[in-house]
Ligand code: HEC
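Just the one chain here, the form predicted on its own, laid out as structure tokens.
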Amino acid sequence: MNRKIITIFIIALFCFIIVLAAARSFFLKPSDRPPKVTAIPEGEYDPAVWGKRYPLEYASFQKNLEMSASPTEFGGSVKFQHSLRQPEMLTNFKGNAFSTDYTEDRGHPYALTDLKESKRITEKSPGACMTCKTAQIAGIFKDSGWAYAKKPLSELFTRAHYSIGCANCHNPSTMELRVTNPAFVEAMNRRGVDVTKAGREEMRSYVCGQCHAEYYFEPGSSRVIMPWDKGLHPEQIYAYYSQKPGGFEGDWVQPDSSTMMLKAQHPDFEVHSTGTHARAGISCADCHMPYMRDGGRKYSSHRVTSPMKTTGASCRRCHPEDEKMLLERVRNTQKSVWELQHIAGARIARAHEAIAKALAAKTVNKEELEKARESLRRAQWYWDFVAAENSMGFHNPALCLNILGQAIDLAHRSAESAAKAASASR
């Protein structure tokens, strides 16, 4: 075959490919064609409006309204009181609003409603509580800066009408991922990370981590701060809190043990970031918002739920095991963490009681009493870091099992120190 024939063959093949592509485009249904990026006005927070431009994403987002149990029996979006399964919480959180109301979180569309209905909310609740409950936080911060955090929450309720939605994570003009929580941006800046320069895969975790993370309210201003200056490990965060940053000593005093305690929020980002999947470059969205297909259309599912409901798209791209085997693997991991978490919580409750008994003694060894309180404070922090996290340890089993083991040991040490403190009166 001479060069002339080869050249003609290549040109013919090239023309065939062009014609085939044109024919495919012509015969595709409009819904099958790749969506064009359509700009949406800045300040539009209604997901239904975004849904008119991006129907597949919106249809999957609407599935977040469904409330169902997790396939593994841990987590899910059914609203129930955690203290019914973990009665030790009533002691450990005594004096804190979580002892009154600690319900399982529902899906993103319910975030604002659940906040309004929470029994933890009072007339004194600051506007900072709104930070991760509405798509309108970007506009609120743009107008008021951090001043909004100190305003009465009831005042912000009159302005915020939309729950978590598209605008929390997408630039309305370009649809590129963005972070709207100023606390996350500031915390990452302090760690030397410029979120605006992050790659797409990093952003697929950052948009989740901006709210699924530990935080506290700065005394006086109620400014939201994520305590990552020393690192993301629970021990590093505890060391940060021990310095009493900005005068923050803790969240409340447990009345039985008279100990200043820390309340963990939902440190999913911290636990995931130090786990196997994160080290392998797997983002939050890869598992919880996997890519799906509808005809010829590929889109990211916006039903943020357990990967065990979408095992084929979420897990089996990397794990070829049978779906039942994968589910059993996850369930066994979570069951192990749950059992140790339950033991740790119960031991911590006993430590609170042991210190209360020591305080009732006529004379107390103050040095041993302070040792008991410090061990208790650290123990409860480690236990709560797992209890408040949403994966029942699966985001990082090794870390969670390790700190739960430490929590049990610290709780025993606390009770021993409390006994020594009380023996001073004999």
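Residues carry their position along the shown sequence, with the first being 1. From a predicted model like this one, the values you see are computed outputs, not experimental measurements.
Absent from the display: the form predicted in complex with this ligand. The rest refers to it.
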query = How about C318: is it within 4.5 Å of this ligand in the predicted bound form, going by heavy atoms?
reply = yes
request  = Would you check, heavy atoms only and a 4.5 Å threshold, whether P227 touches this ligand in the predicted bound form?
outcome  = no
task = Tell me, yes or no, whether S300 is in contact with this ligand in the predicted bound form, where a contact means a heavy atom of each within 4.5 Å.
result = yes
message = At 4.5 Å between heavy atoms, is R200 in contact with this ligand in the predicted bound form?
response = yes
query = Of I237, L262, V207, M89, which one comes within 4.5 Å of this ligand in the predicted bound form, counting heavy atoms only?
reply = V207
query = With this ligand left out of view, which of R120, R329, K335, K116 would have a heavy atom within 4.5 Å of it in the predicted bound form?
reply = R329
Partner-proximal stretch of 120 to 128, 344 to 352, 166 to 174, 152 to 160 relative to this ligand in the predicted bound form, 4.5 angstroms, heavy atom = 166 to 174
task = Indicate whether the candidate residues H272, S283 and V304 are all in contact with this ligand in the predicted bound form, with contact defined as any heavy atom within 4.5 Å.
result = yes
task = At a 4.5 angstroms cut-off on non-hydrogen atoms, which residues of 258 to 278 are near this ligand in the predicted bound form? List them in order.
result = D268, F269, H272, T276, H277
